[in-house]
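The form predicted alone is given below as one chain in structure tokens.
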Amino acid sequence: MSDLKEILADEAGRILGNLCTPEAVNAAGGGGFSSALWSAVESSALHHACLGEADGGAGLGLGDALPMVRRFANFAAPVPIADALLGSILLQRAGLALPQGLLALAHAPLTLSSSATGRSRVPYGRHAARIVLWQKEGDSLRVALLDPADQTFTRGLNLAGEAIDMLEMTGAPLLAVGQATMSADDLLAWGALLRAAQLVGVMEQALALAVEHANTRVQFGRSLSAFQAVQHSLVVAFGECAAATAAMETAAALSVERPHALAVPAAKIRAGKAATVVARTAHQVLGAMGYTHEHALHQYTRRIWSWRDEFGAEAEWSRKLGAQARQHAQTGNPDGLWDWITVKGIA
């Protein structure tokens, strides 16, 4: 499986290298969507990487798809690859047929019967052919497929310029309804792991741009990279990115059938904190140039500022992780918390 996930990441890199230049990302404009790039994704079936071969997929676990997701983030790709992967997994687990076209995912639960009622943010909703909706039902999810053609969106954008649309419905008719063996907590944790991988991807490219600028920009007769203060800032930022990468890869390795209860929150927290440092450092190194629309840096740092809060910000996941730690500390076993962190937590 290791070879396959690298093959898919390389294929994604080939497609992105041809279609996802900085100019193409800027050209995606308000709503941040490239129909040409999405057509290439569909032709290569990258958005079905986590489905079985019978459904046209590669049979990867979601953790194995993270190198591909990370590669999309390296290019600031204006397509919702992460949400499409997660939405397709939900449909497959619910036994629902996979539709053609862009698949968007509601980020909040709704009330589902033969119709849908409620309110949810739907990234890229305005561009979607179909939208996956979900409702909590104990340890499983009720999953439904919606045709957005007759729905009214309150259109919005996140800081990266990506479409973050609000869908509000009362008795909206559904195309199909099923039951998926996944809890709401696991769904949100899978989303958090995907965002952690995306954050790593944009951090890597932001740092590459900062290093390139530091090596080529001359001040006072020498390159910026020769100044100790610049070197120190970059070293700290690279260390933060490396820590986030390790946390994300560990969480991916431990999350096989379901997201790991300790590793995934830790990865999202670590990625969010690291991304904040990386964005600040990159802009400090580039100065005013990094804030221009013409320079590519904003394509990565604006995604950092947007993605770190999606599927739970650091504070939310820190509270959940703290609640777990408190529970293990109160078991009456003096070693309970230590055992959870060092043994059971990574089992």
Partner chain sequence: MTSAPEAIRFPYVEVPESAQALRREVRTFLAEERASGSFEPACDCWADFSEAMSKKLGARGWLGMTWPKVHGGQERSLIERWVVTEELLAAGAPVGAHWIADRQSGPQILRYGTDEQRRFFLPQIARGECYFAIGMSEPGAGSDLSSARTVGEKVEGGWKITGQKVWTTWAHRAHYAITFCRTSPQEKDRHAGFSQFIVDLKAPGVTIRPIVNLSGEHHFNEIYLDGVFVPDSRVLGEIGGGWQQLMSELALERSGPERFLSPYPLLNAFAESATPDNDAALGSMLAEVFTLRQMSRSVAGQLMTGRLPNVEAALVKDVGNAYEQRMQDIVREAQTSAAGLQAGDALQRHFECAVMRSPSFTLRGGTSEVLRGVVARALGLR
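Positions refer to the first chain, counted from 1. The structure presented is a predicted model; accordingly, all values stated were derived computationally and were not measured.
Heads up, the form predicted together with its partner chain isn't pictured, but that's what we're talking about next.
This chain appears without its partner; in the model of the complex, the one residue of Arg258, Arg217, His232, Arg119 with a heavy atom within 4.5 Å of its partner chain is His232. Interface residue among Leu262, Val177, Ala184, Leu98, judged by heavy atoms within 4.5 Å of its partner chain in the model of the complex: Leu262. Of the heavy atoms in Ala253, some are within 4.5 Å of its partner chain in the model of the complex. In the model of the complex, its partner chain lies within 4.5 Å of some heavy atom of Ile269.
Taking the partner from elsewhere, Gln151 is found to have every heavy atom lying beyond 4.5 Å of its partner chain in the model of the complex. Proximity of Gln205 to its partner chain in the model of the complex falls within the 4.5 Å heavy atom cutoff.
Stretch-level contact analysis of 160 to 168, 142 to 150, 106 to 114, 244 to 252 against its partner chain in the model of the complex, using heavy atoms and a 4.5 Å limit, identifies 244 to 252.
Along 46 to 80, a non-hydrogen atom within 4.5 Å of its partner chain in the model of the complex is carried by Asn74, Phe75, in order along the sequence.
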